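First, one chain by itself in structure tokens, the form predicted alone.
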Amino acid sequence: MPSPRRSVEGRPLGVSASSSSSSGSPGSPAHGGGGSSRFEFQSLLSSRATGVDPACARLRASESPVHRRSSFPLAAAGPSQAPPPPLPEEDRMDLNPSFLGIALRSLLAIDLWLSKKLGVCAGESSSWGSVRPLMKLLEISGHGIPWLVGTLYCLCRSDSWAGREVLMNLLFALLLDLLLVALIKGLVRRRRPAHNQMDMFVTLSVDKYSFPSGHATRAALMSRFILNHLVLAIPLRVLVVLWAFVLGLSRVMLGRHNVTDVAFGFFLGYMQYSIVDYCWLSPHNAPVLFLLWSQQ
């Protein structure tokens, strides 16, 4: 037997409206309600049973990406929207470096590679480790302390005005060299090569830096000073130039400096003599200094 059709309220369709109204159901029109009120009451009961607030559920449904027009990329990309602001310069990636930057990086890579290849006396176990004591003796010949002590001793022992004038300017050149090299090393702060052993004769606080080579600047300064103010035979003049060149080369062979440190050191020492020659001290422009040494 087929089941009787039921209405939305769950009652048989055969039941009349008068019987339903006489039964006094809460959803009848007699009680001031309709079918929709019953459905809202049942949805309220079901939402309380599941723990979800119907107002919150409607709010979440309205805030879902499906109901928002701005969530769709086609709707968001309208002509009224302003384009995003450009990134600042410091946040951009430099995909096209300058030619100068590429050249400097290439020169630095070649410098490090060549300095490591020429550092044949950097340690006792190196390929030329047996020549290391001779190179260290050559290193002492270009150190600043022996030159300063020797110049002061000769200045105190000199008894001629011409000798004092030359020695006074030699002392000025050595002090200028120490000051400029220490200043540039403190500004640049380039570390010494990784294969270097810090076993030098006497070191100062700035000697942990590599650029420029103080021995190279001193070798170029002293060789030019000697060649201009001492009368020497041609073999001795060649020997002075050879001493300066071998001293600069020994700095790379010992692993103390890179090639560019020595090259810039030669240039700086050459220019330092030009400064000393321009500011040449004499009894006419610096009489106080010569009077002090003459009284001693």
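The first residue of the shown sequence is 1; numbering continues from there. All values reported here derive from a predicted model rather than from experimental measurement.
Absent from the display: the form predicted together with a small molecule. The rest refers to it.
Student: Only one of I145, A109, L183, I102 gets a heavy atom within 4.5 Å of the small molecule in the predicted complex. Which one?
Tutor: Contact with the small molecule in the predicted complex is made by I145 alone.
Student: In the predicted complex, which of the listed residues (F201, W128, Y153, W113) lies with a heavy atom within 4.5 Å of the small molecule?
Tutor: Looking at F201, W128, Y153, W113 one by one, just F201 meets the 4.5 Å heavy-atom criterion.
Student: Exactly one stretch in 214-222, 128-136, 114-122, 154-162 has heavy atoms within 4.5 Å of the small molecule in the predicted complex; which is it?
Tutor: Result of the contact check: 214-222.
Student: Using 4.5 Å between non-hydrogen atoms, is R190 touching the small molecule in the predicted complex?
Tutor: It does not: once the small molecule is placed as it appears in the predicted complex, R190 has no heavy atom within 4.5 Å of it.
Student: Does I226 make contact with the small molecule in the predicted complex, using a 4.5 Å heavy atom cut-off?
Tutor: Close contact is absent here: in the predicted complex, I226 is far from the small molecule, nothing within 4.5 Å, heavy atoms only.
Student: Quick one: does L178 come within 4.5 Å of the small molecule in the predicted complex, counting heavy atoms only?
Tutor: It does: once the small molecule is placed as it appears in the predicted complex, L178 has a heavy atom within 4.5 Å of it.
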